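Listed next as structure tokens is one chain, alone, in the form predicted on its own.
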């Protein structure tokens, strides 16, 4: 096994992200991490700390590399509801097809697991939720300015509702829900807040 001087911690963390994302923290042991990374325990501990510290680093990496780019796209161009629809289309696509199908979202998985009892984990989850809600709110404010929202739609309350819908998509896809069903649910939700059904 390589020692601590002969591996890239950044690449190792990416491997660990995928491991925790796919299996969850409760069912991932240190030996699983050793096997996946090809490193020995002393190298892992010296670089990252124990399993909990490594999980927390992986969760933060996921938020930075996976979640935040999607949130940024929501707010680009002041497109309003089309940006929200694109966000959910992309979310369903990555959750239901390709390499990460049925893995769900590492953050949503943490919300549903015992790991959310850790204050440091909870802080990451709360920050992620605020970023998601804020991005949706920005898109909905743009939608309101473009007269895309149905009368009486509150962008702030609707941003919270759509954030919860995103978590639902993540959890249901992990449980095996198919893309067609998820798209139908999302379309119904977006049609209910828009002036007309989105194309």
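Numbering follows the first chain given and starts at 1. In this text the structure is predicted, and so the values were computed from the model without any measurement.
Below: the form predicted together with a further copy of the same chain, not depicted.
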**Message:** Quick check on residue 188: any heavy atom within 4.5 Å of a further copy of the same chain in the predicted bound form?
**Reply:** yes
**Asked** residue 114: heavy atom within 4.5 Å of a further copy of the same chain in the predicted bound form?
**Response** yes
**Prompt:** Should residue 35 be counted as a contact of a further copy of the same chain in the predicted bound form, where contact means heavy atoms within 4.5 Å?
**Reply:** no
**Prompt:** Does a further copy of the same chain get within 4.5 angstroms of any non-hydrogen atom of residue 52 in the predicted bound form?
**Reply:** no
**Fill in**
Checked 78, 120, 126, 89 for heavy atoms within 4.5 Å of a further copy of the same chain in the predicted bound form; positive is 126
**Prompt:** Of the options 144, 161, 57, 70, which one has a non-hydrogen atom that comes within 4.5 Å of a further copy of the same chain in the predicted bound form?
**Reply:** 161
**Asked** Which of these stretches, 161-169, 136-144, 58-66, 39-47, has heavy atoms within 4.5 Å of a further copy of the same chain in the predicted bound form?
**Response** 161-169
**Partner contacts in the predicted bound form for 16-32 (non-hydrogen atom within 4.5 angstroms of a further copy of the same chain)** = 23, 26, 27
